[in-house]
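Presented below, as structure tokens, is a lone chain in the form predicted on its own.
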């Protein structure tokens, strides 16, 4: 009888350990999958922004470095016609703070405006940045927003932060950065 009691206790301990390991691995998998989706969303959005800026003939930012802008206006060249450069409709990439989203606009602020939301979950401020008039994250920009552009010559630095909360109210943040050059 004592042997059965000891065997049952050992079996219960092993079962409890297996259950704990299973829960831990499931939680790690969920966290990894959540972070993977956030990473993929950030990279996909950055790819779209990079392609738009690189394909532009010129981009306009206001203000210019060392400050930043949370939107960029640009035009793509369609080629030369009768000796003159011909441009496509004006486009803009911007951060809309209210909904926290990055949007692409064609013909912004006109009756023919078209708008596509490229991503959501963009915080008001860049990762590690606080609204305190100090460069908290050490990149030379003060209080930059969740999407920021700064320009030096034809090169545009792009920074994007995404922040999401999972079902257990844990907050995950991903910041991605790139530097691209506009066409000639």
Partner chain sequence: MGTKPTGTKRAGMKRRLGRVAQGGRAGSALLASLMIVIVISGLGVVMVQLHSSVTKKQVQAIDQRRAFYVAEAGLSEAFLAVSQGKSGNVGSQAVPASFGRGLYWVEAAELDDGDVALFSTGLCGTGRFAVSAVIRRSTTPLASLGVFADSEMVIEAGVQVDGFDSDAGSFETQALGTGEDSTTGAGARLCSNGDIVLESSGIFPGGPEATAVFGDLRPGPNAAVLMGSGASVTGSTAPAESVVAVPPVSVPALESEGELVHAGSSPAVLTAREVRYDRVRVESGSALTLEGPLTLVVGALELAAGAELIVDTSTGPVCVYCTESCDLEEGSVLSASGSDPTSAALFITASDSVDADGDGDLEHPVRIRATGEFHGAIYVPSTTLSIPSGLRLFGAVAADRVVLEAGARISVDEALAQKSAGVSALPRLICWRIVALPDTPLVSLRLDPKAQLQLKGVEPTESHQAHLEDFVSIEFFDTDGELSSYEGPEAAFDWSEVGVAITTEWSADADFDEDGTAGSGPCAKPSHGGQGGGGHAKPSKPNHEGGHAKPHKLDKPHKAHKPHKPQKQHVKPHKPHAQKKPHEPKAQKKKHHRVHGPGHHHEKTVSGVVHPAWDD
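Throughout, rigid core stands for the largest set of C-alpha atoms superposing within 1.5 Å between the two forms. Since the model is a prediction, treat every value here as computed from it, not as a measurement. Positions refer to the first chain, counted from 1.
This next part talks about the form predicted in complex with its partner chain, which is not shown.
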### Query
Hey, of 142 to 150, 39 to 47, 111 to 119, 124 to 132, which bit sits against its partner chain in the predicted bound form at 4.5 Å between non-hydrogen atoms?
39 to 47
### Query
Taking 4.5 angstroms as the cut-off for heavy atoms, does residue 54 touch its partner chain in the predicted bound form?
yes
### Query
Using 4.5 Å between non-hydrogen atoms, is residue 26 touching its partner chain in the predicted bound form?
yes
### Query
So, in the predicted bound form, is residue 77 in contact with its partner chain at a 4.5 angstroms heavy atom limit?
yes
### Message
So in the predicted bound form, is its partner chain close enough to residue 171 to count as touching (4.5 Å, heavy atoms)?
### Response
no
### Query
With both forms fit on the core, is the shift of the CA atom of residue 112 between the shown form and the other one 2 Å or larger?
no
### Message
Superposing on the rigid core, I want to see if residue 77 changes position between the shown form and the other one - specifically a Cα shift of 2 Å or more.
### Response
yes
